[in-house]
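Take a look at this single chain, the form predicted on its own, given in structure tokens.
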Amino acid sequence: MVTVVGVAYRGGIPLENIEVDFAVEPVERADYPASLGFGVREVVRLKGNLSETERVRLQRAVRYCPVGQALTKGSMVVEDEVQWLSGEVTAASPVPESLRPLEGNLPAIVPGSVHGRYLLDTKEYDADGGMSDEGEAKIYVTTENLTHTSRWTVLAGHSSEGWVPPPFPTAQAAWAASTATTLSRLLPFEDAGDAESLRVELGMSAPGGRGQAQGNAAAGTVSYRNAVRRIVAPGSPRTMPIETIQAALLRDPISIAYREGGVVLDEQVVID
């Protein structure tokens, strides 16, 4: 949302408001039936007196926002490495083509919904009246579990330092959590305490800043991001072989989305 707001401001497009709805659902993977990925059905509502050219430009920005690119366009260039508690460090990329995904049960991906509402009053302007920060979005996440409905509310966006996290670090946190969950479920730990020593560390770099990212989104240009994911694993290469860790990473749902794209099952952009 904040990417579209920035694109509209820089392009002089009279966008008055934006809301986004996602329906998230599990998707079976034909290449490995035991693995589930996820798909998203997306509805974006734009409010404003927009021309056809302006609508097309904003719709393109929706498809090429930085987080969306990572999940649909393969814009993440990921280098994995493993550091064992015994002290050894080795690269875990690339993965041998002959390696098969590790077997085992992962948590079920349950259907859910996400509603994002842009907070109009959070835009910030500099002394000259130019927009310095696009503002924040309030995100409502809902999932149906076996016994009850779970709900979360998240704030993210571009605002003064210290207020809310930017969108991409929030996505990084989800990726780290997904990776840690996958490894903790699949790796053959020698004892229960080993799982507690598992850590996932992420570092990321991207060319240019926010302005360039929004320019790329407006132009429909894929902007590649380099990411280093370090797995801090228990034991040693002898007790926890690198091939076992690589095979487990092949099952991680968000890693699969970053690697293969295709997350968006349906997309609608509605002008109000």
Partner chain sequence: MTQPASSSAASQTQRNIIARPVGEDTVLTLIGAGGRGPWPFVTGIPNLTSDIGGPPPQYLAVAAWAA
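Values in this document were obtained by computation on a predicted structure and should not be read as measured data. Numbering follows the first chain given and starts at 1.
Omitted from view is the form predicted together with the partner chain, to which the following refers.
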Using the partner position in the predicted bound form, report whether residue 78 sits within 4.5 Å of the partner chain, counting heavy atoms only. no
Although the partner isn't part of this model, could you tell me whether residue 196 comes within 4.5 Å of the partner chain in the predicted bound form, counting any heavy atom of the residue? yes
Is residue 24 close to the partner chain in the predicted bound form, meaning a heavy atom pair under 4.5 Å apart or at it? yes
Can any non-hydrogen atom of residue 230 be found within 4.5 angstroms of the partner chain in the predicted bound form? yes
Can you tell me which bits of 57-87 touch the partner chain in the predicted bound form, meaning any heavy atom within 4.5 Å? 65, 67, 68, 71, 72, 79, 81, 83, 84, 87
